[in-house]
Each structure stands twice: as C-alpha cells, then as structure tokens.
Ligand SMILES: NC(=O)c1ccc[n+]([C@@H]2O[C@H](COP(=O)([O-])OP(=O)(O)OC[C@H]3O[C@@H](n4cnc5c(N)ncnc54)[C@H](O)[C@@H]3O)[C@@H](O)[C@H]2O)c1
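Form predicted alone, single chain, as structure tokens, below.
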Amino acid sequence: MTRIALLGAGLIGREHAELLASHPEVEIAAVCDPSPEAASLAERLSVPHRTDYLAMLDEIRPDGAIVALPNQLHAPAAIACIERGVACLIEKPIAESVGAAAQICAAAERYDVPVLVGHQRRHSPDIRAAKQAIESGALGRLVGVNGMTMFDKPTDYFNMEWRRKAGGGVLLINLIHDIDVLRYLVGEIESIRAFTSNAQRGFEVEDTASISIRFVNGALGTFLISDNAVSPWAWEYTSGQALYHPAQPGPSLFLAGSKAALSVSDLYLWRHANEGEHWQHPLVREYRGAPGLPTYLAQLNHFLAVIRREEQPLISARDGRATLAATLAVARAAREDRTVTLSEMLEEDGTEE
C-alpha cells in the first residue's frame, strides 16, 4: 500500500479524499487541515486527522502527499514535502506567483524529489487522444487553434468575497486549465494579447476574457472564456470527465493543421480524401477517439507511479510554472493593453530558461 497524506480538505481536497479512500493500492496516511470539516472527514474515513502539516510530515512520514491548500500555502507546503523526500501532487495553480513556483522547482531539483501539478485534463481520454493524433502527424504542421470555455456560475458562488476580488476570477480558476491544454497540445506559448471585462457582474474581478496567442512554433490561437454565459462549449461539459458538471458531448476546441483539422472533445478529424486536394474538394470525417480511464483516476494512478519513481511527472513543476506564467500574462496583457511575452513573465524570478 502507498501511504498518501492529504493537505487541505476544501472542495477539491474532499474529492481527492474520496478517490484515495476508494483506491485499492492507497492508504490515507492523514488528513491535515485545521477546519472542523476536515476533522469530520477524517473521522468518517477512519484516518488520522492533523492540523499542522510540518508536524504531520515528521510524525507520519507518508510516501506521498496531495497539496490542496489555499494557493499562498502551496509553495511552503510543497517545499516542506520535498525537503523530507515526499513526492507531492500540487493542485493548480502550482503557486500564487511565478516566483513562488520557481522556489518549488528549485527545491524539487535540489533534492531530486518529483512534483506533479494537478492539471488533470492532461490525463483525460479526449486530450490524450488529441495529443496522439497530433504527434502521429495526422494534422500535419499546426497552423491555428480556437477554443471556448463558456458557462454560467450561480449567484451564490460569489458569496465568498475572494471570488469577487482580483485573482479570484475566471482566469486563475478556469482559464489556467485551458492554457495548460493549449501548451500541451499546440506547443510553448511565445506571447499573448488579451482583453478582459467585468461588465456583466460589475465585480472587481473579470468575468469574461478574449485572448490571442502566438506559439513558438508559429501557430496562432484565439480563446474566449466567460463564467457568466450559457453554453455547452466548455471541456467540463464536452469531455464528460468533470466532477461537478453534466456531460454535453460535442466540441469546445478546434485545431487546424496543414493536413487535417481536429475537434475536441468529440474527436472528429477532417481531411481530404486524396493528396493534392484543396478547398474546392469535399472533406471526409474520421473519429479519432480512444478509450481511457476516468480523468481523476488516471491522474491518481499516475501519481502512484510517480511516488514509486516508476514514471516521470506528466506535468512537472517547471511545466506548472510555465502554465501559471502564461495565465498571469493574460491578466497583464489586458491590464496594460499590450502584448506580453512568456519570457518576460519568467524573467521576473531570475530563472529564465
């Protein structure tokens, strides 16, 4: 059995707890969170409850840890795990700033302890199938990508004040997942231009954003996101893999290359039937889907292999830092009304690669 400690028992932490409790190869070493809800969760699952993660790590010495604490605690908690040789899965974002993320990267590399960042979509069957289609050359050279995440959060979602303030909006909560998928499928981001709006709710934080992206490989992309619009166009719906949302099969991401185009999550590939055909010839459609485990179970299985040092993290700390930097670049590009490069975001912590 692999002994995993859970740091944080909020909404996503409780979901991790249920996954851990139901996995035949996992023992929950402890639930660590000072809240009464965490104590109740630990009691229900018949596992130890602790309130101080430093004391817990030294006392219980788990094989691995899931860090699902508030963002500003990600770096100190992850570094505490790393210094004790404990592999960790850090919920997104990897940290509250690029500089804090760099500290995690440095610690992981100094102590040679693996860190997996919880961008769960990379484990999803639709994203994995899309990646396979791209890597096989079926699309040819990627030219452009267009995507959407459009859904309507309920009014009471914003009863928590931090969700109405800068940093608590649709960019860091939701767009960061889309940015990670774009980096994974299309390639590294070179620069970003963006507009944001809070016109719908009037909160300090944005509720809608439109983004233009230049990728290092020359591909261009656009993305539209809002948490105040009714639509079926979001990975949470189209993949059928989200924990809290109904399945609405269809596409929300469109990739176009020199040989073919692919829509995700429905995974239809469109191409010409014969070489040499062009825009005046009809296209044929192929289904490129593939079976796979549910996303969160696949992520947990991968984390177990990472803990055992059998696999390298699919989303490393440096990967998580780059995704965070690109997401923060969206906010800066909109705020300063200019193009922002990924390199300038990474330069801020003095560790540009």
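Keep in mind the model is a prediction, meaning the values are calculated, not measured. Quick note: we count residues from 1 along the sequence shown, nothing fancier.
The form predicted in complex with the ligand exists for this protein as well; it is not shown, and the discussion that follows is about that form.
None of 66-74, 301-309, 319-327, 22-30 except one has non-hydrogen atoms within 4.5 angstroms of the ligand in the predicted bound form; the exception is 66-74. Contact with the ligand in the predicted bound form, defined as a heavy atom within 4.5 Å, is made by none of G147, G240 and Y268. Only one of H177, R214, R128, R201 comes within 4.5 Å of the ligand in the predicted bound form through a heavy atom, and that residue is H177. Of the heavy atoms in D207, none are within 4.5 Å of the ligand in the predicted bound form. Proximity of E91 to the ligand in the predicted bound form falls within the 4.5 Å heavy atom cutoff.
Contact annotation: Q120 falls within 4.5 Å of the ligand in the predicted bound form, judged by heavy atom distances. Contact annotation: I12 falls within 4.5 Å of the ligand in the predicted bound form, judged by heavy atom distances. Taking a 4.5 Å heavy atom cutoff to the ligand in the predicted bound form, none of the residues in 222-256 make contact.
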